[in-house]
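A single chain comes next, written as structure tokens; it is the form predicted on its own.
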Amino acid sequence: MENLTTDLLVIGAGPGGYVAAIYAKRKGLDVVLVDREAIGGTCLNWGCIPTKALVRSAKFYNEILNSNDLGVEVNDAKIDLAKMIDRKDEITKKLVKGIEYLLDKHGVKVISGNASFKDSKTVEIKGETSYSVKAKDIIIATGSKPKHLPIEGIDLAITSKEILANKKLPKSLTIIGGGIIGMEFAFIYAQLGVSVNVVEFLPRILPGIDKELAMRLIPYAKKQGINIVTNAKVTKIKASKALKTVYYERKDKEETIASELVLEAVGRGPNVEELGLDNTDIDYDKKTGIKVNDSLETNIDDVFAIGDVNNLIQLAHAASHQAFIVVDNILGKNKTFSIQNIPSVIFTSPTIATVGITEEMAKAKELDYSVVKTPFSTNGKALILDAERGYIKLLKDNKTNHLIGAMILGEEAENLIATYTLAITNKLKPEEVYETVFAHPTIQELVHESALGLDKLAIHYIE
């Protein structure tokens, strides 16, 4: 076992870990990065990027099926799921190679192996070559893994990682879980012509986002042929010939759904196993992750946790943002992390994007707030793109006149949310948004219009 000393040891090479490593190296620190799997972590290899590659393919196929509305006739459009998966893999490989290149060019020492704490300041890495590492600072960025229901037959279901490798299009799919992962896959497969069922334990899909927004997505899901069952507790899964049957309890009755494939998408839990945390004084819980303060530092000085493993918010861009905060703090700054400035995007059809607080949160905080809802149907570019469905819901604090929340259901929501994120992060007022000129014709003009609406000045619709 070789002995290593370094300024910074980063455990985990996902969007939190590799960003921390490169940023710290560019800031002049000596950095060691270790991961037991692939560079890029879950997001790049089995999550965000692969899923959105399939979203693109499914959406494109669906557009072809409806192209007659645009005056374009296409006959015999066919699905080749194997080619879609191969394209997804090529995109992933290209991005992974790019990150590996950057790590190498910046001089980050990358080690493939399993990292485990021997004590609060010493980490052993077991791989082709084993190391004992002592670092001035340590960042834990090991991400998360799929949760599993403790029920009979759960091994008959596949995870989000496994379905991304599936090259045979099923005729039917049952998804256990109506959260972000479950609903994204529901729309992907429904747009590819698969009969999709979603079974959700809670009273509604997409818990955690604005309730009205989640409810407004349901008609689009039904139109796409997605059957959603809520208030349903899955109890077991059984196999019969080519089908798998999901059993669930609803209103004190047992009901069943049979399908070719079953996807388990009941959330993700922090990756803390095999880290040897019991050999340290680091405060953690197997279910809720490693505990950190506002500066993302654990209860042990100079040991930090970022990304899904601290379980503050499970988003890749949040992990990357936390990486910058921690490295800056290591270098003497005093930065803190705020969940309310982190945007979230759900790639259903239409897309959902949010940032800041929801109306339910504003009510719970007893804020004096105003809300406006701006329909996409008032926007010329939305009509050109056949994207008039959807709306923007915008909130401001009447006391400060600052924007505090934005929720979008519609085309380009993933891009529109960036402007609102900038506005909310910098505590802008509506007039500071609508005094900015937005190009015409673009969907971005809806940002301008919604800000006008908050001040009762909307031009193209009645508040």
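So that there is no doubt, residue numbering starts at 1 and follows the sequence shown. These numbers come from a predicted model, not from an experiment.
Here the subject shifts to the form predicted in complex with nicotinamide-adenine-dinucleotide, a form of this protein not shown in this document.
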- Message: I'd like to check something about residue 324: if you look in the predicted complex, is any of its heavy atoms closer than or equal to 4.5 Å to a heavy atom of nicotinamide-adenine-dinucleotide?
- Response: no
- 4.5 angstroms heavy atom contact with nicotinamide-adenine-dinucleotide in the predicted complex for residue 207: yes
- Task: Check whether residue 111 has any heavy atom within 4.5 Å of a heavy atom of nicotinamide-adenine-dinucleotide in the predicted complex, and answer yes or no.
- Result: no
- Message: Under a 4.5 Å heavy atom criterion, is residue 193 part of the interface with nicotinamide-adenine-dinucleotide in the predicted complex?
- Response: no
- nicotinamide-adenine-dinucleotide in the predicted complex: contacting segment from 231-239, 88-96, 383-391, 131-139, heavy atom within 4.5 Å: 231-239
- Note on the structure: nicotinamide-adenine-dinucleotide in the predicted complex has a heavy atom of only one listed residue within 4.5 Å, and of 217, 180, 357, 319 that residue is 180
- As a check of understanding, the residue in 103, 330, 266, 303 with any heavy atom within 4.5 Å of nicotinamide-adenine-dinucleotide in the predicted complex should be identified as 266
- Task: Kindly confirm or deny that 200, 315 and 346 each have some heavy atom within 4.5 angstroms of nicotinamide-adenine-dinucleotide in the predicted complex.
- Result: yes
